[in-house]
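Next comes just one chain, in structure tokens: the form predicted alone.
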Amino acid sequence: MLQLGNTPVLADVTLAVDMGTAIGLTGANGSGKSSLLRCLATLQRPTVGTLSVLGFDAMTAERRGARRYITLIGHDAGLYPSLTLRENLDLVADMLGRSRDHTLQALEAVGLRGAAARPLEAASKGMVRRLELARVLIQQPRLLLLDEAHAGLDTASSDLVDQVVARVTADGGAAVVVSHEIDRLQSAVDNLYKLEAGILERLV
């Protein structure tokens, strides 16, 4: 259970995500989806219960050890507006000690190589979301958490979510994908769940 102040946010949630699989999560606004992702990202702890993430006890200081293996894409991009698209990814590659060759490959994979020199502040919302997905390809997380995965993506670009999730799971990682758009969500995941009033229910 997760309670914020006197308000219960997650009331009855039991969830196991196997490595190499992806699960989808849907539900109305305020149902607790983002709170659940924050718990899985070890940014928030349940008020009552247990939480293990990638083998780390996320109820203790041990949770910090899990964070290097987790990528969370939330409502805020966490990118630098004054940098170009490529510079944003170069920064990630440098921090991870990876070759900048990965940057161009990731930009190519999401259809942004031709816009590599564009400042992020001049990019559309859809381009920013695609850049976030490109960042996932560089980070290669063991646990990918996508909040409103299809936000800003037109129908022609929505397959990118499927491709990135498939890349993570093919490499042995796991993914939790949140979206209001169930039809688009189902193609990316192995199992589908719904959160309603803080209670988790398996749909598929």
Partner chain sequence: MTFWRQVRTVIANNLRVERRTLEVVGVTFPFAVATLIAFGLAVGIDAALLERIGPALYWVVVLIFSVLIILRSSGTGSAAQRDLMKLLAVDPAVTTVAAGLSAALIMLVFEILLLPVTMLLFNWTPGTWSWVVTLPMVALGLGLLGSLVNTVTTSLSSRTSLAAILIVPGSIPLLVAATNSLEATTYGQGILPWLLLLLAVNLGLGIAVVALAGPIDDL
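Note that the structure is predicted; figures quoted are calculated from it, not measured. Positions refer to the first chain, counted from 1.
One more form of this protein should be noted, the form predicted together with the partner chain, which is absent from this view; the next part is about it.
V136, A41, L54, L160 - the one with a heavy atom within 4.5 Å of the partner chain in the predicted bound form: Contact with the partner chain in the predicted bound form is made by A41 alone.
From the list R167, R67, R142, H150, which entry has a heavy atom within 4.5 Å of the partner chain in the predicted bound form? Contact with the partner chain in the predicted bound form is made by R67 alone.
Counting only non-hydrogen atoms and a 4.5 angstroms cut-off, does G78 reach the partner chain in the predicted bound form? Close contact exists here: in the predicted bound form, G78 approaches the partner chain to within 4.5 Å, heavy atoms only.
L91: heavy atom within 4.5 Å of the partner chain in the predicted bound form? Heavy-atom contact with the partner chain at 4.5 Å: present for L91.
Check L96 for me: does it contact the partner chain in the predicted bound form (non-hydrogen atoms, 4.5 angstroms)? Contact with the partner chain, yes.
Should E108 be counted as a contact of the partner chain in the predicted bound form, where contact means heavy atoms within 4.5 Å? Contact check for E108: no, nothing within 4.5 Å of the partner chain in the predicted bound form.
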